[in-house]
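Just the one chain here, laid out as structure tokens, in the form predicted on its own.
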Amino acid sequence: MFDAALFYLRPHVIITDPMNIYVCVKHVPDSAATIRIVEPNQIDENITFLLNPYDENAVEAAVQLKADSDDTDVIAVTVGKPAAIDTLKSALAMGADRGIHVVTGYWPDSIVTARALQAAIIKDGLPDLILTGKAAIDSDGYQTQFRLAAALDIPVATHVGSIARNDNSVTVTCGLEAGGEQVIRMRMPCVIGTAKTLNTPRYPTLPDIIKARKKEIREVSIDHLAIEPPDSRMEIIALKSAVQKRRKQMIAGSIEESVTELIRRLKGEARIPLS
């Protein structure tokens, strides 16, 4: 089954080895860290940052595809501040062959990020496949992969739970709401946004980490890329801590009465659809 919103007919493209797989990764705050707002629209960055969890699945998928091909190059690409190089090192330790760091002095929005990724990838070589996570856990915008695909004029599918390569195309399974799935075939090159259900990312061993130190990371300033300034942009005006309002309630009675009352409250007050 094909979805017109996600499937685009492209001219026939001959994909031959060597194959270039670019993996777009993001440097994000650890979700387990204590986030402290220090300015109206900034957080205290003296916390642990890591490779975006959804991007780990993208890196793992690229490394697995590399294992199935005789001559494949996996290139991790990130856009961010100087500290984002640590995220590239994590991707290299997982099995990426080399990295590209588009260095910025700020955290760009999805519009600028997509344009920077496009420019960096095109400058490096011709992509056969571009993998990203379906979203970043900090902004949760779900936009970058679509903007990148639009900039490159290639197909895109997201929330992908399986990937099968067939010569010059890939067949992917995309998760839908209410547990549904959609199977899409796209000609390569294309962009794929990976879901957590796609695979289990490997845990780098000490030898992997040591080996990664010798792998190439090319740094380029975003100002040195030929990026057309966007007509519009997104800006974070203010950040606010999430506040959960909770109140304790006691339910008296027998076990049967308590369970019945709990179900009633979950359905009526919490509006949880229990069967």
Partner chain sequence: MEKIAILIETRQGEIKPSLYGVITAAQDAEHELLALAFGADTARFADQLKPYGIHHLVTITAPSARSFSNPDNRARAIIRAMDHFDIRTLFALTSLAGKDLLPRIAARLDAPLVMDCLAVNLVDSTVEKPQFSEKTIATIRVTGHHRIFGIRPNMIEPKTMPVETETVVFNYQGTADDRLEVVETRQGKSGAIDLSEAEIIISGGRGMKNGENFQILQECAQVMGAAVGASRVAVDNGWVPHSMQVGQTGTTVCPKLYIACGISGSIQHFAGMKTAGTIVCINTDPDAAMMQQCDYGIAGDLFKIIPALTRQLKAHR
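Residue numbers count along the first chain shown, from 1. In this text the structure is predicted, and so the values were computed from the model without any measurement.
One more form of this protein, predicted together with the partner chain, exists but is not displayed; see below.
- From the list 92 to 100, 117 to 125, 77 to 85, 169 to 177, the contact stretch for the partner chain in the predicted complex under a 4.5 Å heavy atom rule is 169 to 177.
- In the predicted complex, at least one heavy atom of residue 30 sits within 4.5 Å of the partner chain.
- Although the partner is absent here, residue 221 lies well away from the partner chain in the predicted complex, with no heavy atom inside 4.5 Å.
- Among residues of the shown chain, residue 237 is one whose heavy atoms approach the partner chain to within 4.5 Å in the predicted complex.
- Contact between residue 37 and the partner chain in the predicted complex is found at the 4.5 Å heavy atom cutoff.
- Residues from 250 to 272 that approach the partner chain in the predicted complex with a non-hydrogen atom closer than or equal to 4.5 Å are 250, 251, 255, 256, 258, 259, 260, 262, 263, 265, 266, 267, 269, 270, 272, in the order they occur in the chain.
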